[in-house]
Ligand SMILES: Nc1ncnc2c1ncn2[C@@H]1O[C@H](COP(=O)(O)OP(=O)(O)OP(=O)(O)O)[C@@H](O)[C@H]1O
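Heads up, the chain below is alone and in the form predicted on its own; it's given as structure tokens.
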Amino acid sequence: MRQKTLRDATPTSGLASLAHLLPFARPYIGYFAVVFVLVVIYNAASVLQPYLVKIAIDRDISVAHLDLHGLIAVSLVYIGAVIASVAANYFQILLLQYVGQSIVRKIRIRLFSHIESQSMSFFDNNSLGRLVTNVSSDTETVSQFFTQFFLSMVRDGLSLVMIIAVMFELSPRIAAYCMVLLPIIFAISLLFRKRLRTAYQTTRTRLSNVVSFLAENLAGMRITQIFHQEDRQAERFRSLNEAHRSANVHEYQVSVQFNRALDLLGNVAVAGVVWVGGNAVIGHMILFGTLYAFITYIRQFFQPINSITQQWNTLQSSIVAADRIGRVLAVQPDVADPVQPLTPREVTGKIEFDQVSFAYKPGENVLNDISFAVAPGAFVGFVGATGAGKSSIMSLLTRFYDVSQGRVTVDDVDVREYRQEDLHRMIGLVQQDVHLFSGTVTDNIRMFRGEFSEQDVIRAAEAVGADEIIRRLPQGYETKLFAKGANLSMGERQLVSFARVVLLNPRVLILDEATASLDSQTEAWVQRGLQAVAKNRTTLVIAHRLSTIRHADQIIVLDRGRIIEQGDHETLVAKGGMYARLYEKSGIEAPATAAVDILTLSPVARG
């Protein structure tokens, strides 16, 4: 069955998206408790400051009486409140940043591990650029929920409660007037809520499109250049960037409208307090210090409200990012390990396909009723046109995909009964396009596994004839390789991949057109490495050049997903079918050099 794409995954809505990520924050509950205490200290110190000024004005510097000692005392308390406020603010931000980045680290590790566990069909149907965005950008956006939104909700929400309490203590009448503003603020927030979320979602989607296009084009730059498509691709990239720019501008436009509406409301509220409070001072209902405190508090009143509303941007972005992360984590691999796996013991390398059919998409079979058996240690070649199903057979054997019908067995055990890790230890794969990772040559041979020593690596390289070549590199085995091994030739990359297989020491070897892209001279050089790799192993070869499988124990000819011929070279040539026609056309492909070709040796000679 075809793997679902991320868009097919069941979406979650609103804060439910973020709720799925809360378990990542659970280990840091103690840190959040300390942050809450610091927030209380910060808010109490901040709210206290206008009240202290009010006391100084009304009690210590009134026209009728000047109390210097009282003024000094208030000033000292004020300075202490400022210091406490600054210190609490500093440590709460520092602590939350540590927590936020720690949570991001956990989410990224979880995401990467989850993506690694997916079946190949997942990568067939989902953009690599989007997955990169999920792991890098989306996780960073989610961290802002903890470092910005969470802090704002706690700090600004608590500040608002404290300010309202002090305002009612100073003058219930003026405070009640200010409370009329709350329904208006709520109405403005509802009015902009849907527009804001739509704007944020559009921006994130278009950013993902830009990143995806960039990743895919950088990976395929050689194709772009060889077909002279630079201008066309650049135009497409400009178009995607223009769409992202427009979405970003619209997002800020909606956000600015929202914030300015609240600013306008805040200034109107200050004017109202001056009018109502001024009349109260004239009527001797309140003192001037109380009016000053009210004006300060009404400005402080709108600061947390404005901060909370501004964090709406962060909340919406976090929800969208969390939803995208949640979609990735919700996808389960098509290929899963059995509940009670069988542990392989002495693997002989016997392989059998029993009436196997397979489809990447339901109803569109690429393999139909495939049956064949391979004896331990045998050498089998697979021939057929592009799309005949050769690589699909190898993908089923390695269990990158599961069969639609029938069964594939290794040593008479269905591959679905093995753990994938155990199965992949039995089977070594060498492909035409060798993928090397950034790191040293040693790292790439042992695939970053610590159980293999440097001597193990050297012995594996010596076995395939790569040791001398590697030692000629600038730093030998410690030479840093560029991405995809770009600082090595194609033949050198193949030898590194052979050494990798020898080190793993699998019982079954798959050669997926491993020498198809090499010139004759380089191929003859690489064949010596193949000799060491294939020795004493069951070897399956997808043949690009028929000369490489002429002496195979068995040759399987595929056409449109079916086996149409099967036998050794002489039998198939005598039969006069498709293989005979292909061999006749490729008669000029006989080995051009006297170099030993492992794939033309008999099984006895290869032993």
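Residue numbers run from 1 along the displayed sequence. For clarity, every value in this text was computed on a predicted model and none was experimentally measured.
The same protein also has a form predicted together with the ligand, omitted here; what follows describes it.
Enquirer: What stretch, of 180 to 188, 499 to 507, 386 to 394, 160 to 168, brings heavy atoms to within 4.5 Å of the ligand in the predicted bound form?
Expert: Looking at the other structure, the answer is 386 to 394.
Enquirer: Check for me: heavy atom within 4.5 Å of the ligand in the predicted bound form, for each of 361, 366 and 401, yes or no.
Expert: Spot residues vs the ligand: full contact, yes.
Enquirer: 242, 124, 235, 478: which sits within 4.5 Å of the ligand in the predicted bound form by any heavy atom?
Expert: That would be 124.
Enquirer: Considering non-hydrogen atoms and a 4.5 Å limit, does the ligand approach residue 544 in the predicted bound form?
Expert: Answer yes; at least one heavy atom of residue 544 falls within 4.5 Å of the ligand in the predicted bound form.
Enquirer: Output the sequence-ordered list of residues from 73 to 97 with at least one heavy atom within 4.5 Å of the ligand in the predicted bound form.
Expert: Going through 73 to 97 in order - heavy atoms within 4.5 Å of the ligand in the predicted bound form - there are no hits.
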